[in-house]
Structure formats: C-alpha cells, structure tokens
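Only one chain is shown below, in structure tokens, and it's the form predicted alone.
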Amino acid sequence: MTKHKQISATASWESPSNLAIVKYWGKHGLQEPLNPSISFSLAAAVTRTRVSTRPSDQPGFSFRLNGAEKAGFNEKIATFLERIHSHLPFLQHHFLQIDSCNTFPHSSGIASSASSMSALALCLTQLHLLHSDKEETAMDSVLASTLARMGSGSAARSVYGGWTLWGRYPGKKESSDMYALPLEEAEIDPDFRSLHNSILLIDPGQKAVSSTAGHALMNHHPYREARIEQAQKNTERLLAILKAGEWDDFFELAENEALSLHGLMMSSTPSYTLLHPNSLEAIHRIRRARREHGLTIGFSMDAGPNIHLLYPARENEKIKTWMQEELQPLCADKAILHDQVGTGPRALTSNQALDE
C-alpha cells in the first residue's frame, strides 16, 4: 500500500471551460454519460484555482472555500470530495484551503462547472503526487479527467486542450464513460484547430434551471433512446467533418445539436426553456447572414440563453465588424466574450495571482 506524507503543500492550476458540439445530456451511475460528446476547450474563459493543504488531526476531510464566502458552493465541494476521497487517501488527513475565481460569469450556461471542477481536480491530482511516497512526477491526465468527471461530467473534457471526446464510442476502442481523451492533431483540420468562438451574453445571470436538474429529467424522457442514437451518429459524423474541414456540414450539425438540446428541455416533464427572445433573434440573424451574405458563421449553445458564434480565424475581422453591428445590440450591456480554441490547462506559479 502506498504511504502518504502529512505535509503542507500548494498547487495552482488554470483550466478552461469547453463547448460541446455533440452535447452530453443525461447521465447514469456516478456522472457517467448516456451518450458520447465532442467538445473544444476555450482559451480565455478559464477558472484559476489554488489549493493549499496542511496536516489535520480531525477525522475525515475538511476544507474552506474562498474564505467561506460562497456558502452555496460548499455543498458541491463536499459532495465532490466525498466521491473522490478513495482515489486520494491524503484527503483524510489534511485540511484544504481552496481559492478560486473565473474570468467569465458562472452558472449562466458557459460551462463554469467544467472549468472550476477540472481546475480543482488538477490541483488535487498534483497534490496527490506531492503527498505520495512514490517517485512519480508526471501528472496523470486520465486520473485528473476521472476526478473532474465526478465533480461535473463536462469537466472531464476540460483537462485537455484542443478537441476532446468523452463517452464510449465504438469507433474509438480507448474511449470511456469514466474519462475523456484528446483527439489527435492529425484528426482535426487546421481551420478547426484555430476555430474562433464569440460568446454573446444575452443574459449573463444565473440560469433558472440547473444542468443537474436538466440531466435528471432525461431519465424518463420520451425521446431518451432516440437522443442516444442521434448523439452516436453525430459523433461519427462530426469526427469526419473535423478531419475534412467542411464548414457547411459543421454548422448544420452544431446547430442541430444545440437546438436538440433545448428541444429536450422543452419536451421534458416538467418542461422548461432557457432561451430568451434575443437568443432566437440572434439565431435568425446568424442564419440570414450566412444565407444572404455568405458569411462563414454558425452557432452553438449550452444549457442557457447565451449564443456561441462559431467562425474561422481567417475571417475574424470581417465577422467581428458584422457582429458589432448586428449582434452586439442584442446582448446584455452589449457584452460579447471573444474566445477561440485553446491549448488547455496550465500550472500556475506561486507568483501568479488568481485574478491576474
């Protein structure tokens, strides 16, 4: 049995949000997905987290989050630690001080749980190494992804940069419901490796229905099996599209997946919608610009009212000019977060402030 040192130590990580093109919706077991999903990690929408440990004589594990200022999140962290403590024995003998901040609004449908739980999982994975008597020094990405999944399913994908697959998919034998895996660079056309994503903040406030509640409604959803089949087919199709660099097919699939996600919400029992009138107006203007003006643009959405505008890096200036004229007036306080495919998490040094 591996021994674990009782020491004081600190780990700090920055981890990105991600945007799923093939959506994960519905789960079973301990945060295992009903269907595979494919996403890309963002560059600017990130969570920065620092975890410090010190030996504790108290039984079990204990922690403090941001000076206990965010009481609403404490229950989520406690549940997460309860789920993962068998993987990380040092948790039983140490007090954790957790400090975390986002570069974007949380709980508004921009996958803040993915970035925050992946950042926390990466910190804890590094601390696991520091507290272990083993000679290992390399970060275990599979362990980090597995741990992140138990905090938030989509967080499993955020421990990697670029494009990521999560969930069992027959076309990739190494795929798993337990952790995500990165897609190889050779599998992605250069256009999609530099994809731009501008997030239209239609409403940056906290969404009315949590993703956890939405996932639970898939258990008895009348379209459950059809959705699983749709996602399997779209996973296969998207992998081919990403390799071929086909923008028209990409937009068709991305938009169908986004609207299917919201359709599942509207047809569940109880039903609900997270879309706002300006969300629908933005979709209308995006499709009209693509159809009538030939702009290479499309959209996706997460479980919220905000729209993710997708377009190639080579058309950045032209599309941003159009965006400012047509879409910015639809956003709350005219707020748009400009982002793109990112390189993934990074370890922070002790000199790097969380809010840098």
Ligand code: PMV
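Please read all numbers here as calculations on a predicted model, not as lab measurements. The numbering used is simple: start at 1 and walk along the sequence shown.
The same protein has a further form, the form predicted in complex with the named molecule, not shown here; the description that follows concerns it.
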| query | finding |
| --- | --- |
| Contact residue in the predicted complex, from 152, 197, 235, 279 (heavy atom within 4.5 Å of the named molecule) | 152 |
| Contact assignment for the named molecule in the predicted complex, among 327, 51, 45, 303, heavy atom within 4.5 Å | 303 |
| Partner proximity in the predicted complex: residue 261 to the named molecule, non-hydrogen atom cutoff 4.5 Å | yes |
| 4.5 Å heavy atom contact, residue 13 to the named molecule in the predicted complex | no |
| Touches the named molecule in the predicted complex: residue 341 (any heavy atom, 4.5 Å) | no |
| Exercise: residue 211 in contact with the named molecule in the predicted complex, heavy atom 4.5 Å | yes |
| One stretch from 123 to 131, 96 to 104, 154 to 162, 177 to 185 that, in the predicted complex, holds residues within 4.5 Å of the named molecule by heavy atom | 154 to 162 |
